[in-house]
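As a starting point, one isolated chain is supplied in structure tokens, in the form predicted alone.
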Amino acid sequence: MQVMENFNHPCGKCAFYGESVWQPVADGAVSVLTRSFVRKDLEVGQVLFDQGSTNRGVFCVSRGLIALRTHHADGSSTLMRLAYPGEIIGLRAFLRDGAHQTEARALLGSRVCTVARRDANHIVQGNPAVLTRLALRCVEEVDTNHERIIGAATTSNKQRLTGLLLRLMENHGERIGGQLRMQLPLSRRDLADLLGVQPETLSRLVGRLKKEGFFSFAGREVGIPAQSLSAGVRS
């Protein structure tokens, strides 16, 4: 149960309050945080920020799914990673006061909470605990990228695809009868980018998973037995 003093904090009623980078903000600084705190709902396909755009603040995903994508000079693009609820995005651009190196676009209906740059800087300068939490988020992102590199060298493509599909199912699946189902929120090309494989390799992997019978595939709809996954799935 949340204590009463958390209710005046703009993150106080959030499910991710305990881990929020802004949780240490208290007393008079709460009013500074509140005056520039904005919750924005994004429709499917809506862009939060463009690659190369100036950073406007610190963004926290509170609902949905955000794709972070790099666009190349030849017109192609690469999906770098997915941002799930509770994650901070655009942090490197904020800390170095530079432009975003990726585009952030909603893959599902999403909600993002933003603290404007000027007030975020003011709070960080006066609260070392907030700066520590921001730094830890950067370290976590580096660690995640390191784990992906290690995983690509030590784990089979099929295992990594299975893990990715299960995480997406946990966050976005629905229980329908004896199955958990979801509409895959990204294309197979994007899945291939995340795994670091060619699209034709991904097609073979999907075929193997389908043949083994645990996953079912029909276009973008993916299904698994309901008893295999329960946490975080809507019923």
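Residue positions are given as counts along the sequence shown, with the first one as 1. What we label the rigid core is the largest C-alpha set whose atoms superpose within 1.5 Å from one form to the other. In this text the structure is predicted, and so the values were computed from the model without any measurement.
Absent from the display: the form predicted in complex with the DNA. The rest refers to it.
- The candidate stretches are 162 to 170, 66 to 74, 39 to 47, 185 to 193, and the one lying within 4.5 Å of the DNA in the predicted complex by heavy atoms is 185 to 193.
- The DNA in the predicted complex comes within 4.5 Å of a heavy atom belonging to L205.
- In the predicted complex, V197 approaches the DNA with a heavy atom inside 4.5 Å.
- Contact check for T54: every heavy atom lies farther than 4.5 Å from the DNA in the predicted complex.
- For the chain shown alone, Q179 is not a contact residue for the DNA in the predicted complex, no non-hydrogen atom being within 4.5 angstroms.
- When contacts are defined as a non-hydrogen atom within 4.5 Å, all of N157, T201 and R220 contact the DNA in the predicted complex.
- Taking the rigid core as fixed, one finds a CA shift for E200 of 2 Å or more between the shown form and the other one.
- Relative to the superposed core, S187 undergoes a C-alpha shift of no less than 2 Å between the shown form and the other one.
- L79: CA moves less than 2 Å between the shown form and the other one after rigid-core fitting.
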